[in-house]
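Starting off, we have a lone chain in the form predicted on its own, written out as structure tokens.
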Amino acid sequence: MASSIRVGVLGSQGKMGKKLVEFLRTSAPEGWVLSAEISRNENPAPLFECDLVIEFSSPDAVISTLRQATTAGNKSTAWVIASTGWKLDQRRELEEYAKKAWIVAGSNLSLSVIAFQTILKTAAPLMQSLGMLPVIVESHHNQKKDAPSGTAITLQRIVSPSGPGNVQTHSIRAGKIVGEHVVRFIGQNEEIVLSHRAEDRSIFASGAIRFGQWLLKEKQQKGEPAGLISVEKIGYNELL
């Protein structure tokens, strides 16, 4: 791995993009250099000179950028994808591009959320054996477009692998809520509640950087792309 890692940010003017840029300027790992800050509507060409691009924009912006990267013949840049609200055809196009370049993607890049999901994977079968049904309540700021959130959709798959679409899920969009996900396991006369609440977007920025470090290490060790890598399938201990 090169001693200097050139990092680009796609979606640099959004809420998370601004937080990531700030984090990279003040708390970047040693040797990391913020090399490109690109908003959704800007020419993405500077990103193709980077070793790693971290994206907090939208599926439309990601697909448009990757198409231009393909035209430019770029295969060396690694990508951390954090957008949610993907359509099926967009997801398939992302998977095709991941055959040529290293990409890790997830609905939530907070390491504590990954830990929360790991806990739920153990808890859900136990709750099912007790006859307790899962109900998800997720809350975000009033400008968030997708509902339910990408994280809530991931939680649906975890608590009910055989029927995620049947999990009762409620979305709240109000004020400036950063993000809260509550999973209620409800029985006849009792309830168990597990939850995660984000209080500052810096947890997503630091998590994105950790996933970027992991991805660059994988790329260096294995060479050929491994296809689209879901953050949920990366061992939690591998990130620590």
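The numbering used is simple: start at 1 and walk along the sequence shown. The model shown is predicted, which means the values in this text are computed figures rather than measured ones.
From this point on, the text means the form predicted together with a small molecule, which you will not see here.
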> Within 4.5 Å of the small molecule in the model of the complex, heavy atoms considered, which of Ser83, Gln117, Thr169, Thr77?
Replying inline: Ser83
> the small molecule isn't shown here, but in the model of the complex which of Arg91, Lys144, Lys100, Arg157 has a heavy atom within 4.5 Å of it?
Replying inline: Lys144
> Should Glu180 be counted as a contact of the small molecule in the model of the complex, where contact means heavy atoms within 4.5 Å?
Replying inline: no
> Is the gap between Glu49 and the small molecule in the model of the complex 4.5 Å or less for some heavy atom pair?
Replying inline: no
> Does the 4.5 Å heavy atom contact test between Arg173 and the small molecule in the model of the complex come out positive?
Replying inline: no
>> Can you work out whether Ser57 and the small molecule are in contact in the model of the complex, taking contact to mean some heavy atom pair no more than 4.5 Å apart?
In response: yes
